[in-house]
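Quick heads-up: it's one chain on its own, the form predicted alone, in structure tokens.
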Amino acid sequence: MYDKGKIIIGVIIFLALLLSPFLYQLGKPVTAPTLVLGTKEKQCVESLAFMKSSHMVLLDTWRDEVVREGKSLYVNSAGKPYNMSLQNTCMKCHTTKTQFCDRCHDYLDVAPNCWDCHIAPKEKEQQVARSVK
């Protein structure tokens, strides 16, 4: 009973130390990751805004159409045809999975199941080393 003040001070110090990382970051914006594109292509399958918001919908649609309906050609909103293939279309430009796909997915804390069926691309050591510096 005589140490009541010391206990309260100890609990306050403990809580302050426990919460300090959260309080330190309070109000600071989290910056979006910088993505590394493995090619000089300027146009993706669809517009940048569409791909940022709906690329998984597009990939799921492609998967269903290729596997269930046997279709393999996608015509985008501009009328340009593309082969519906994650590895042969998307990964032709987005060659560095760790520097492109993983950065966004880690930032958003999502775990897509693309690589459960598809083989992840082998990345060149030079590309990864150059991008990290």
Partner chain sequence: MNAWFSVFTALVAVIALVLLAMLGVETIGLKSIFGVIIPYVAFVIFFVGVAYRIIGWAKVPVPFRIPTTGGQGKSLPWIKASYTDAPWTTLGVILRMALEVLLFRSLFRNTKAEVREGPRITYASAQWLWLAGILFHYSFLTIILRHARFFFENVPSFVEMLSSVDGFFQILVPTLFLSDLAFLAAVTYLFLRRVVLPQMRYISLPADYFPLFLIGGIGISGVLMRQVWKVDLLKVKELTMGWFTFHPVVPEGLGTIFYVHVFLVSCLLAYIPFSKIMHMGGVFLSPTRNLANVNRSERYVNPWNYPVKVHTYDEYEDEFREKMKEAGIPVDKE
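Basically, rigid core = biggest C-alpha set you can superpose within 1.5 Å across the two forms. The structure displayed is predicted, hence computed values, not measured ones. Positions refer to the first chain, counted from 1.
Another form exists, predicted in complex with the partner chain; not displayed. Remarks below refer to it.
Asker: Can you tell me if Leu19 lies within 4.5 angstroms of the partner chain in the predicted complex, counting non-hydrogen atoms only?
Answerer: Within the cut-off, so yes.
Asker: Using a 4.5 angstroms cut-off on non-hydrogen atoms, would Lys28 count as touching the partner chain in the predicted complex?
Answerer: Lys28: yes, in contact with the partner chain in the predicted complex.
Asker: Considering non-hydrogen atoms and a 4.5 Å limit, does the partner chain approach Leu108 in the predicted complex?
Answerer: Yes, contact at 4.5 Å.
Asker: Contact between Ser54 and the partner chain in the predicted complex at 4.5 Å, heavy atoms?
Answerer: Yes, Ser54 is a contact residue.
Asker: Return yes or no for Ile12: a CA shift of at least 2 Å between the shown form and the other one, with the rigid core superposed?
Answerer: For Ile12, whose C-alpha is compared between the shown form and the other one after core superposition, the shift is 2 Å or more.
Asker: Closer or farther: how do the Cα atoms of Phe50 and Pro29 compare in the predicted complex relative to this form, given a change of at least 3 Å?
Answerer: Their C-alpha distance grows by at least 3 Å in the predicted complex.
Asker: Looking in the predicted complex, are the Cα atoms of Pro29 and Ser54 closer together or farther apart than here, the change being 3 Å or more?
Answerer: Residues separate in the predicted complex, at least 3 Å farther apart.
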